[in-house]
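Here's a solo chain for you in structure tokens, the form predicted on its own.
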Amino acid sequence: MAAYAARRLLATIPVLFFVSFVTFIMIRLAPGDPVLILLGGKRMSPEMIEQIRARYGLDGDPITQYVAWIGRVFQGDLGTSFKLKQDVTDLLLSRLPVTIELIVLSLLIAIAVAIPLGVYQARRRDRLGDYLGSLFALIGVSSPVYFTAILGVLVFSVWLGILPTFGRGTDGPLDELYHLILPSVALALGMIALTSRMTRSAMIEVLSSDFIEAARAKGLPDRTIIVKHGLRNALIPVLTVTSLQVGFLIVGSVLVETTLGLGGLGSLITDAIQNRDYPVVQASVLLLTVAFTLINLVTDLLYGVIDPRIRTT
């Protein structure tokens, strides 16, 4: 298992190089000169503009700039924000906790709702409960996360007044959790829909297997058959879909944080893109790529835990 994990980690290195290079080039192809944005409309001579460009390492060709940047990354230097004039590492560390809390809470909500819902639908196949669950899944898949967030604000904050509208709680952990309920549910809705549908399909297939019929013939309790024999064998495809959905949670968190003003990594990335703050965008994308790669690695390792027949050696 350890050797397999090491090989997977080594295999992610080319992916990180590729993603960082593509991001580095694409942001420089976007319209807008970061130096002119920094000047804010101030008139300066071409010589002064070139000096500013050289100060921020923007005077060479993109390949030369990339080599210099990646060299600094290996030394632990992610650069300094053009706009905020702060160390990028400090900016990421200050914004990251909010994003992690949002994603983890959304993931827990999604798993806690989706798997029981999928099992329930499988056991009530082609009945009213199954149809209602399918309708819920259709709505969840069809609703963009920013629309769900705005609708949630309208219903639960404006009309009912039971949840805060925007921002992050500042009166302790409970207040922070209270402010995260609405954005977490909005972010989790799409994942609940897809994961519940996958759980339903996997459970229907497993429950029609011969070993389930044998377990019933032995007189095992229905709960034992469902949880121990059915759900465990259905978790492989569910785990695959869940790991992929975590990537969408990472992307969706950018929209939710921006929409609801949480001040996390998502709003930092959005502001950096608008201001052509290259160091912040590059470091943020690299960080998210590393996170998604590690999630996929953990998923692969969990396959062997759930099903011992899978060998990852």
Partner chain sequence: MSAATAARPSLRRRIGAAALVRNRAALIGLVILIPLLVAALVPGLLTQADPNAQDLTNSLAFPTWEHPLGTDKPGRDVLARVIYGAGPTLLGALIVVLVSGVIGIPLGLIAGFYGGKTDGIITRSMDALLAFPPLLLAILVVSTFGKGLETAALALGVVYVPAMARLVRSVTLVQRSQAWVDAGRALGYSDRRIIFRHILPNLVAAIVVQSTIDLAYAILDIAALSFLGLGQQPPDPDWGSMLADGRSYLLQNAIPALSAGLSIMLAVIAFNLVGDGLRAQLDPRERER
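Just so we're clear, the structure is a prediction, and the values are computed from it rather than from any experiment. Numbering follows the first chain given and starts at 1.
Here the subject shifts to the form predicted in complex with its partner chain, a form of this protein not shown in this document.
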Single option in Leu91, Leu194, Leu180, Leu235 placed near its partner chain in the predicted complex, where near means a heavy atom within 4.5 Å:
Leu194
Can you work out which of Leu96, Leu151, Leu108, Leu132 has a heavy atom no more than 4.5 Å from its partner chain in the predicted complex?
Leu151
With the partner left out here, check for me: in the predicted complex, does some heavy atom of Glu205 sit within 4.5 Å of its partner chain?
yes
Ile295, heavy atom within 4.5 angstroms of its partner chain in the predicted complex
no
Contact of Asp126 with its partner chain in the predicted complex (heavy atom, 4.5 Å):
yes
Is there any non-hydrogen atom of Val104 lying within 4.5 Å of its partner chain in the predicted complex?
no
Looking in the predicted complex, the residues of 268-289 with a heavy atom no more than 4.5 Å from its partner chain, listed in order, are Ile269, Thr270, Ile273, Gln274, Val281, Val285, Leu288, Thr289
